[in-house]
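Starting off, we have a lone chain in the form predicted on its own, written out as structure tokens.
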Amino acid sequence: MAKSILVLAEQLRGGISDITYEMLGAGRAIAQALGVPLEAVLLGSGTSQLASSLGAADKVFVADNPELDLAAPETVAEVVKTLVDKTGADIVLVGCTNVSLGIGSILAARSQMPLVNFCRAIKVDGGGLVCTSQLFGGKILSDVKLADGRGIIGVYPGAFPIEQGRSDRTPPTEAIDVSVQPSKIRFKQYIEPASGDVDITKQHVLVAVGRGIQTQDNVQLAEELAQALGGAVCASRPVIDQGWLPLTRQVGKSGMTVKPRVYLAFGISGAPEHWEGMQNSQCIIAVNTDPKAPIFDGAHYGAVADAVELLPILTEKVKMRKG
């Protein structure tokens, strides 16, 4: 039986990341089911002023130290292990993001606790936990049982509702003084994406294009449909590698994770790397000339057709419906 749950809060460029609220929401549900406290730890400079937004936690530990700003995974893992030893936390939630990836495995090794990575669901089973972990970009879901309720859980972004982890309550905080060991890896600079481009993670409608768009000139067909629908255009990696769209429009494991209301995929095969970045879309509509394309396995609707031929037809139909 777990004694307490600890969430490693993630902050980037002076703000709390969405994954933190996802983990707080998931952690709160587990904590209530087990009857244990939910605590959070916040690392980095100026973090004391951010702690007030973590009201879903019963308590927030704050290590306000500039040496912990985007620190190396082994540095963060050592600080969290110290806190785990102090509080007796049996369950630690860590985000599977570019910022936090790698921390969970190091923490698991140093604390001698099991690790379940890329977790998409968590449920209490008696005194233990059953975590659903996605493998191979979501093609396989595996249930892993932490029988004694102890373990490090890497939470997959977008798996849990953000709203459940938000609270207007101001949590009690405790400042912790930690020694930071020098690391061979050091953060030097955050490179901003090109300014002036749309943020595809905030769009309700996305028109995505892949190899099946054939040429750069045909990207304009997708732009016209996106404009008619009030959305934006994004792409799979092959289109980005060709330079047809900027890197900020890439969806997938090496790009952005999106979850719009409608995701239209034109000429995208549905490789695991791309599927991982858009699988949480509310409605997925796929168009591909190959009836055996993997994208059809997960799409809600599909059409075996040429994307270049179908795009202008759909655009015209949308314009007619909108009057």
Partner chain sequence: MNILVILKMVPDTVEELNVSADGKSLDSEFLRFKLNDPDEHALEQGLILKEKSGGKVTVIALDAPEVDDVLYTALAKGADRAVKIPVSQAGLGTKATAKVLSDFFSSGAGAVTPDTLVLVGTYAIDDLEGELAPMLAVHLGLPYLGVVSSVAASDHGLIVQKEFAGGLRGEFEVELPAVLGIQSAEKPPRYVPVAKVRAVMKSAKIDEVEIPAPTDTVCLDVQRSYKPEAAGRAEIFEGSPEEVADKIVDALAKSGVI
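The term rigid core refers to the maximal set of C-alpha atoms that superpose within 1.5 Å between the two forms. Treat the numbers as computed from the prediction; the structure is a model and nothing was measured. Residue numbers count along the first chain shown, from 1.
The same protein also exists as the form predicted in complex with the partner chain; that form is not shown, yet it is the one meant from here on.
With the partner chain omitted here, the record of contacts in the model of the complex names 291-299 of 60-68, 291-299, 46-54, 32-40, defined by a heavy atom within 4.5 Å. Though the partner chain is absent from this view, in the model of the complex it lies within 4.5 Å of a heavy atom of just one residue from Asp241, Glu163, Glu174, Asp197, which is Asp241.
Shown without its partner, this chain lists Val180, Ala159, Val124, Leu229 as candidates; in the model of the complex, only Leu229 has a non-hydrogen atom within 4.5 angstroms of the partner chain. Taking non-hydrogen atoms only, Arg237 approaches the partner chain to within 4.5 angstroms in the model of the complex.
The shortest heavy atom separation between Thr215 and the partner chain in the model of the complex exceeds 4.5 Å.
In the model of the complex, none of the heavy atoms of Glu78 sits within 4.5 Å of a heavy atom of the partner chain. Looking at Glu224, you'd find every heavy atom of it more than 4.5 angstroms from the partner chain in the model of the complex. Using a 4.5 Å cut-off on any heavy atom, the residues of 253-277 that reach the partner chain in the model of the complex are, in sequence order, Lys253, Ser254, Gly255, Met256, Arg261, Val262, Leu264.
Remark: with the core as the superposition reference, the CA shift of Thr47 between this form and the one not shown stays below 2 Å.
Relative to the superposed core, Ile162 undergoes a C-alpha shift smaller than 2 Å between this form and the one not shown. Superposition of the core reveals a Cα shift of less than 2 Å for Pro172 between this form and the one not shown. In the model of the complex, the CA atoms of Val155 and Ala271 draw together by 3 angstroms or more relative to this form. Shown here is a form in which the CA atoms of Val94 and Asn280 lie at least 3 Å closer together than they do in the model of the complex.
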